[in-house]
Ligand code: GUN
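Okay, here we've got a single chain as structure tokens, the form predicted alone, with questions on binding and movement later.
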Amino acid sequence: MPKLGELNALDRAEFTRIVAPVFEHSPWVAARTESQRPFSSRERLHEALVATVRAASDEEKLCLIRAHPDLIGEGELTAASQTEQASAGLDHASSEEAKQFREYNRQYRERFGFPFVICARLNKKEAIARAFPVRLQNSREQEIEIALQEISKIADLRLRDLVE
């Protein structure tokens, strides 16, 4: 786990390589943020990364959201996503719960065109299951904003795990 000073001193490629996993399959966020170094704190680094996302095009934001896996989905998970889903108890879902999550995932993707994103580490599977039908009532614009807020929370927790 690098200290912030060490992270600030890395070359562009190494900084990007280390910070990239903070945003699921989206190394462009770290790459576009690294020129703002040095960061005075982990919190300032997080704020800069989130500002990079906010300044991105609408299509880039959608690509970032789409880079996230379905909860209890069929796809392969990154190590971070696997740990996060497990922390919410999603790895111990009953077959009936898994079936319900897959149906929610289907409905959500069909309605919005991207996966349901929630910070699993700050929730348990029951709360996540309750959130699906509520969020399915939102507009697409509301869900894009909520997904970006949840991605910011995920990034903050991943950054805490990454930087001393």
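Everything numeric here is computed off the predicted structure, so don't read it as measured data. Just count from 1 along the sequence shown to find any residue number.
This protein has a second form, the form predicted in complex with guanine (GUN), left out of what is shown; the following refers to that one.
Q: Even though the partner isn't displayed, in the model of the complex is His68 close enough to guanine (GUN), meaning a heavy atom within 4.5 Å?
A: Looking in the model of the complex, residue contacts with guanine (GUN) include His68, since a heavy atom lies within 4.5 Å.
Q: Given that the partner is absent here, does Cys119 sit within 4.5 Å of guanine (GUN) in the model of the complex, heavy atoms only?
A: It does: once guanine (GUN) is placed as it appears in the model of the complex, Cys119 has a heavy atom within 4.5 Å of it.
Q: Is Ala147 a contact residue for guanine (GUN) in the model of the complex, using a 4.5 Å heavy atom cut-off?
A: Ala147 lies outside the contact set for guanine (GUN).
Q: Determine whether any heavy atom of Glu143 comes within 4.5 Å of a heavy atom of guanine (GUN) in the model of the complex, and answer yes or no.
A: No, no contact at 4.5 Å.
Q: Pick the stretch from 26 to 34, 119 to 127, 55 to 63, 92 to 100 whose residues have a heavy atom within 4.5 Å of guanine (GUN) in the model of the complex.
A: Of the options given, it is 119 to 127.
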